[in-house]
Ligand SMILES: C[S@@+](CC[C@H](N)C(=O)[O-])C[C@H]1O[C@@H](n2cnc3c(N)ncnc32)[C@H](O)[C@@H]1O
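So this first bit is one chain, no partners, the form predicted on its own, shown in structure tokens.
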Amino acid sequence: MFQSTLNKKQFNILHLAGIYIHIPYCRKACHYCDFHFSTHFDTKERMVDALIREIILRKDFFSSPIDTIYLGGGTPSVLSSEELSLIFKSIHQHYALSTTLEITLEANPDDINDDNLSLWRSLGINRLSIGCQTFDDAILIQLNRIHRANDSITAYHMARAKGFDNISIDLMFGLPTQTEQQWIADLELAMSLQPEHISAYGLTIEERTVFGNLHKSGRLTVPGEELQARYYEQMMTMLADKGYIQYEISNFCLPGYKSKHNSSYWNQEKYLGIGPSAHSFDGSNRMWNDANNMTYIKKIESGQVPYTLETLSLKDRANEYIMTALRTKEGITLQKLTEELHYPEEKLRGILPWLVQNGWIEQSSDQISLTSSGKLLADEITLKIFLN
């Protein structure tokens, strides 16, 4: 059964270091979203000041230059030119930056205009992630999205005209009332735009959302698992035919356009999360900031970073590596799993032949990765390999 509930280090020498900045504001609450955000902007000025203070407070987190910066949320594109400029000024003042820095901004189509695009380019932002979700207006209304399909198309072409040559489009499938024909039409339109990157996620009904409440009361139905699996298989086939590489379960790119920042998560590289609810990882410890906006602001204003720290055991690190690496095209490096993370070889010998025989895992030398059919069962397979 297809699921996509497992969220958001290979044996390599990339050692990417990334900063994620969480902007916890949206103009409108989408009915499916349970990310941390507020639709009230009265604290935005203090929040931006707090973000800058945290950037300074945690300036010693990295010992190497920053390779990626990612502004997510929420809706980062709601920040004013002054607010964004102050954030970037602080990063430049307090961190060493790579000469090949990837800077991604998540943007809603309705925030993409000529002035904003010029500002973003001037700040060094060189990758846009545009939250289209679907090109069907009726479904956009149902999702409570603020934009319409034509806004997405217009925004995309404006970004291209302004010189952005690394654009990602976000899509969703398995949406309420979404038919197979509508999903195929979304894919075809997205591919016709020829973005460098496409991220596509199956809808998950989250408890603390409008959709969660409607679903619980029986007033909302969504496509079943079999139909979601068919949508996913169609996507894999159609995007592959157009030259897109599926380098992670939900992410597709043209050659050379992987998201460096998100790849650092899947490869278990160090990353620093700035802002309320943001997560960090230093190689051994995981940290997550308080998710209450005012608690976060007040703590930062007093000179403290309000985070919870968890030191990962070897078993935790092995399981996290399995969860993230198995999502990628390269998959799991067995030498890393057994030698560095001390995963018991006898457990591998007990489970791998069965997974291979069923056609869900393929093994090549020291690597194991999911097959196309295995990707439909990614969560279940991951749990089978996990250490209990």
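Residue numbers here begin at 1 and follow the sequence given. Not measured: the values here are computed from a predicted model.
The discussion below concerns the form predicted together with the ligand, not included here.
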Please run the contact check for Glu206 against the ligand in the model of the complex: heavy atoms, 4.5 angstroms, yes or no?
yes
At 4.5 Å between heavy atoms, is Tyr32 in contact with the ligand in the model of the complex?
yes
Is Ala159 part of the interface with the ligand in the model of the complex - any heavy atom within 4.5 Å?
no
In the model of the complex, does Gly74 have a heavy atom within 4.5 Å of the ligand?
yes
Pick from 273-281, 106-114, 179-187, 241-249: which stretch has a heavy atom within 4.5 Å of the ligand in the model of the complex?
106-114
Counting heavy atoms only and using a 4.5 Å cut-off, do Gln133, Arg145 and Asp170 all touch the ligand in the model of the complex?
yes
